[in-house]
Every structure is written in C-alpha cells, then in structure tokens.
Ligand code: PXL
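Next up is one chain by itself, shown in structure tokens, the form predicted on its own.
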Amino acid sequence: MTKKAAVINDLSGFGKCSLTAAIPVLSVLGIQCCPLPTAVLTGQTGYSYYHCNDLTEMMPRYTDAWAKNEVSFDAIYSGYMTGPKQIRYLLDFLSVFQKEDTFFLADPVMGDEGRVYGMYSLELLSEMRTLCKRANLITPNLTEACLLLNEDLTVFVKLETLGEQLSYAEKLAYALRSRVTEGADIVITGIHGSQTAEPLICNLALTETGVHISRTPYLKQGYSGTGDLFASILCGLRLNGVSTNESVDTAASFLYRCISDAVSENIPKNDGVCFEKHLGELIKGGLYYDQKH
C-alpha cells in the first residue's frame, strides 16, 4: 500500500518552493503527498510583487473532514506557518493524526542569514517550540536554531571560518536535542564560512549515533525552495527506511546538482533551482530502500 504524508505548507505559483517542491519529491519516492495549504500565493515572497491568501481558517476544516473520512498518515511534515494561530491548529491536527508510529518532520521556518521573516513574532516562536517537541526530526538553519534556543543572532554571523560555524552548529544541535525536542534527530542546514580556502556548504545531523556532517561545494548562490527540497527529500527517504545521515547526504548531493544547473543557466534566484530533471536520481537514493536491504 502506498504510504501517505500530510504536508502542511504554503502553495506558491512561482518560486519552486513549499508544496510545489514537496509534491514531486515525495511522489517520485513512491509516497502520496496529501497537501494542506497554509496559504496560496501568486509567487513566493522574494518577488517584488505577490498576493497572498491566508488559509488559517481552512486548517480545522481539513482536520475535521479528514478525521470523518477516517484517513491516516505514515508521516506529517510541516513548513511555512503564517502565524501562531496556524501552529495551534497544526497541534490540533497532530492530536488527531499523529500516532505512535507516525513520523513527524517539522521545518521551523522563521528566518535565515541572521534575519527573521516578516511573519515572525515571539508568540510564533513560543508555539514553534511547542511544535518541535512533537517532532521526530527538525531541520532548522542556523538562524532558526538560535531562535529556538534564545541565542544571540549576532554571534554566528560573525564566525568567519567553516570550522567555527560547524563547532557552533554542533553546540546548538546538542542543546536543541536536550532542551527543545524530546530526543528528536536534529539537522542544521546551510552551514558555510565566508573565509574558507575551499568553499563548502555543510549540513550537520545529530542522531542517537552522534554527529554526522555532509559536505558539498558551496556555489555562493542562494535560491528559492532549496530548504523545502532538502526537507522533502529527508521526509521521503526516512519513510522509505533510509537513515537520517544517509538521507542528509543524498539531499545535499541532489541540491548541489540542481544548484549547479541553475547557476550555469543563469536562473534568477527567486525562480528556484532546476530540480525537475534530477528527480529520477532520487529513486537510486532510497525508493523502497527498506525492501531491498
């Protein structure tokens, strides 16, 4: 039977992010993506002009209808929330659909590069901490990890070398695992130093087995949707029996190829990366992995 993942995120017409990233990635990995849109946007918010329709009041209707239809999910995966009320509705959703064996991945979308996003507030942060306690895996970047731990955002942006950034990320990961989550796997994404002989971008995973770091060349280009693609791959591979560490390596390698293509084709950063032609490569990284091992 096909596994199902409820994906709670926004739907953007342009930008190759959020649900338009999650749906194809999970589908190619043999998983039915069941979208619950938190908002519908003409394009992601990096564009100069966009319109957003907030769907907060639709969220409990999804919970009600899906519960009455007696559906169930092998995974729940959350991303962009427009405000604290949506997180409270998501917690209600979890109380209905998160069973003992349901895998829950929370991407605590709040900011990046030392800056918070427009929807951020202290109330949202408080609710996000509550949400992360329910997760089996969280995927913050360094900014979001600092916010969850009430760390000064000015500290990590001043760290120039990759080694300094990685050491700081490791400290944050252990703190998140003990203070914010209930022993969940932690993956801190997008770690890079500005003063590095060989530019690399790293992702640090902390699991029961310890720390694991993926390293790929850093192309010094940021694109819409890469975090969503990364988290979607982790969700799909984990459902297919792949370890967190191996899933991180696969996701990082996949994104490197997609970003390389976007750079070579001069794709505007708001448009997202060229991931479509690489989707088939993910099958080698874990489709029905649990049946082959």
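Because the structure is a prediction, the values reported are computed rather than measured. Throughout, we count residues from 1 along the sequence that is shown.
Not pictured, yet referred to below: the form predicted together with the ligand.
- Residues placing heavy atoms within 4.5 Å of the ligand in the predicted bound form fall in a single listed stretch, namely 37-45, out of 61-69, 23-31, 260-268, 37-45.
- Contact between residue 273 and the ligand in the predicted bound form is not found at the 4.5 Å heavy atom cutoff.
- Although the partner is absent here, residue 89 sits far enough away that none of its heavy atoms falls within 4.5 Å of the ligand in the predicted bound form.
- Within 4.5 Å of any heavy atom of the ligand in the predicted bound form lies no heavy atom of residue 93.
- Though the partner is left out of this view, residue 206 does not reach within 4.5 Å of the ligand in the predicted bound form, counting heavy atoms only.
- Contacts to the ligand in the predicted bound form (heavy atom within 4.5 Å) from stretch 62-96: 80 only.
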